[in-house]
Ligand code: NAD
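In the block that follows, a single chain appears as C-alpha cells, in the form predicted alone.
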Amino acid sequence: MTDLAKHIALLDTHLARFRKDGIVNLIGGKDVAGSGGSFETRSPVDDSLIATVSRSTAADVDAAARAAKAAFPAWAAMEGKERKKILHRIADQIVARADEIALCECWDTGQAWRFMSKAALRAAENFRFFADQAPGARDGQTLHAPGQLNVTSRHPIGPVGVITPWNTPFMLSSWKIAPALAAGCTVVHKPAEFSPLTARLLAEICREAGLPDGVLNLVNGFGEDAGRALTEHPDIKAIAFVGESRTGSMIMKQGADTLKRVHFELGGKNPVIVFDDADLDRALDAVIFMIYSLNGERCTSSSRLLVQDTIAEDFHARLAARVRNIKVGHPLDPATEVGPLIHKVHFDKVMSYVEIGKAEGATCAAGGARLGESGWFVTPTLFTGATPDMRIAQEEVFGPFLTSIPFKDDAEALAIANNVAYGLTGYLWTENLTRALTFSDSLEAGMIWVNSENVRHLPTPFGGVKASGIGRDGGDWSFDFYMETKNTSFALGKHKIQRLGA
C-alpha cells in the first residue's frame, strides 16, 4: 500500500464520526447544535462533502459569550503554574493526535501533507511556549521616582473573541488561543466557515486535557451573522482576527460601540528583494519556498520578487524552470508540493489575476492554468516583466502566484517595495551588511528577514504595518494585548500636600 493510500484510509477513519453526526459547537463544555441550521464543508480536492456544520446565530454566540464570562473569574484567579500544567497537557494531546489533525487539515484546506504534518507540531510548540510564560504573565515592573514607588501588574482583560482564517487554521488558532489562555482570558473561537474541521479537534483536545468548561467555546458559522455577533457582543472585551484587510476594517467598525480592543493580522503583498551580490542559489530556493509552499495561501508569502536588472534575465530563467517542476497533486501524497486552492470562489479569484496580468502586459513565464477537471488545482504561476503600478504588483492574490519586477539600484528597489498598501513582511538578499541594515531600516514592514526565508522565533514580535495589521503576537507582546496593565503608586515619606479650603 502506498503512503497516499494509507493516508486516505486513515482519513476515512477519522472523518467517519463527522460524516455521521456533523460538526457542532462547543459551548460551556457541552456539544450544541447551531440554531441557524447547518451548512456544508467540502474538500477542495474533489468537491466531495466532508460534513455538515452547525450554523450559529447571534443567540448561539450570546450563549458562548455568557459561558466565557461565567468561566472567567475562576480561570483568571487560577495560579499561573496550574494553567501551565493544563496547557502542556493540551500540547501533549496535540502531539499524540498530530497525524489526525494533519490529515483532516489537508482534506479540509487542500494544503500538502509535507507542510501540515509539521504544522500540528508547531501548534504544540506554541502551546508549550505560552504555557511556560503563564506563571509570570501577571508580573510587572517597579518604577522609582522622587518620594514615590510605582508598582505595575497585569490582569487578564476578560472573555475574548478569536476569529481565524481558512489557511493553516489549526496552527494559526494556536497562535491566538494559547497566549489568551496563558494570560487568564476565556475564549470564544469562530473558525472560518471554509475550514472548520480542525477547530473542532482543538476544542475536543482542550476539553480532554482538563480545560474547565466555558474557558474555550467554539461557535461555527459565517461572518455576517456569527462573526458580527461576536465582534459586537458587550461581554467580549477584545477581538483577535487573522484574515483580509477589508474584513479587519469591518470588525473594527463593529467593535467600536463597545470600545473593543483589536489585534489584526491582515493581508500582505510582501517583497523579496534580490541584489546582484546575493548568494543566488540560496535566494532562488527561498524565493520559490516563500510563495509556492502552503499553496501560496499565506499572509507572509513573498508574492513580489524585486530582482536587480543585472541578474534578472538569468535569475528568471532558473526560476521559471524550477516553477514548472513543482509537483502539484493530491495533498495527502507526501510527494506533493502544491495542493488545490481552498474552494471555487478563491480558485476563480486567482485565475482572474492570470488574465489581469496578461492584459496588463506582463509575461506569463510559467503556469497560469487549471490542472485537471476535478478539484481546484492551478499550476504554479510566474509573471515577469511587470511594472510596479500593475494590479498583479499591487493586489494580494493569495495563491501560488509570483510577480517579478526588475530594479536598477537600492533607491528604486526601496521605492517599489514601499509603494503598496501593505506592510507585513519583507525578505532581503544581499551580502552587503551596510546595505542590509540601511535598507531594512527604511523598508515599511513589521517583520524583515535578511538572507533567510520566514523562520518564526516565538519570543519575537509578529505583525505588520499599514493595511497589514494592528498589534503584535509573540513573546510578551501577546500578553500586552490579552492583559490590562495596572499601576499602584506608594508615597515614600510625608511629602507636602496642597491644602484647599483650610
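A residue's number is simply how far along the shown sequence it sits, counting from 1. Nothing here was measured: the structure is a model prediction, and the numbers come from that model.
Keep in mind the form predicted in complex with this ligand is missing from the figure; the text below concerns it.
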Does this ligand get within 4.5 angstroms of any non-hydrogen atom of Gly184 in the predicted complex? no
4.5 Å heavy atom contact, Met250 to this ligand in the predicted complex: yes
Thr336: heavy atom within 4.5 Å of this ligand in the predicted complex? no
Although this ligand is absent from this view, report whether Tyr427 comes within 4.5 Å of it in the predicted complex, heavy atoms only. no
Just one of 164-172, 142-150, 374-382, 313-321 has heavy atoms within 4.5 Å of this ligand in the predicted complex; which? 164-172
May I ask you to choose, among Gly80, Gly267, Gly329, Pro406, the residue with a heavy atom within 4.5 Å of this ligand in the predicted complex? Gly267
Answer with one of Pro212, Gly223, Gly136, Pro73: the residue that has a non-hydrogen atom within 4.5 Å of this ligand in the predicted complex. Gly223
Contacts from 186-207 to this ligand in the predicted complex (any heavy atom within 4.5 Å), listed N to C, are Lys190, Pro191, Ala192, Glu193
